[in-house]
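Starting off, we have a lone chain in the form predicted alone, written out as structure tokens.
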């Protein structure tokens, strides 16, 4: 019986979708609070910069970016297939490469903090 590579693709997709579903509402509320001029002391720039400076936070942030981008890439791949684009190998290569490039860019940025 042939081995399937679907768990390799679907695992990060499911994790990224779940993570994004939980983070998006929280980020919307925090953005609204910042737009209204209320920034809690816990979310001050100096504290967030210090948090992002630790290696564990950098790893967590890079992982979050990776899972979110991978989930978006997989959704776009399935959408392209549903819209009739049958060059699945090309589409998958482009989209997953873009997700990995975005993760690498985020990791590079985080490494400079």
Partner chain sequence: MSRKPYLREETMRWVFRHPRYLRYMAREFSCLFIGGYGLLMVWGLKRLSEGPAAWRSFLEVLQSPASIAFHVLALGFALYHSVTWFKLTPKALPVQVGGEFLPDGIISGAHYAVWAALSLAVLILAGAF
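Because the structure is a prediction, the values reported are computed rather than measured. Whichever C-alpha set is largest while still superposing within 1.5 Å between the two forms counts as the rigid core. Residue numbers count along the first chain shown, from 1.
This next part talks about the form predicted in complex with its partner chain, which is not shown.
K.L.:
Taking its partner chain as it sits in the predicted bound form, is residue 79 in contact with it (heavy atom to heavy atom, 4.5 Å or less)?
P.N.:
Answer yes; at least one heavy atom of residue 79 falls within 4.5 Å of its partner chain in the predicted bound form.
K.L.:
Though only this chain appears here, would residue 96 touch its partner chain in the predicted bound form if you measure heavy atom gaps against 4.5 Å?
P.N.:
Close contact is absent here: in the predicted bound form, residue 96 is far from its partner chain, nothing within 4.5 Å, heavy atoms only.
K.L.:
Taking its partner chain as it sits in the predicted bound form, is residue 56 in contact with it (heavy atom to heavy atom, 4.5 Å or less)?
P.N.:
No - in the predicted bound form, heavy atoms of residue 56 and its partner chain never come within 4.5 Å of each other.
K.L.:
Find out whether any non-hydrogen atom of residue 14 is located within 4.5 angstroms of its partner chain in the predicted bound form, and reply yes or no.
P.N.:
Yes.
K.L.:
Counting only non-hydrogen atoms and a 4.5 Å cut-off, give the residues of 34-49 close to its partner chain in the predicted bound form.
P.N.:
Heavy-atom contacts within 4.5 Å come from 34, 35, 36, 37, 39, 40, 41, 42, 43, 44, 45, 47, 48, 49.
K.L.:
Does the C-alpha of residue 83 move 2 Å or more between the shown form and the other one once the rigid core is lined up?
P.N.:
For residue 83, whose C-alpha is compared between the shown form and the other one after core superposition, the shift is less than 2 Å.
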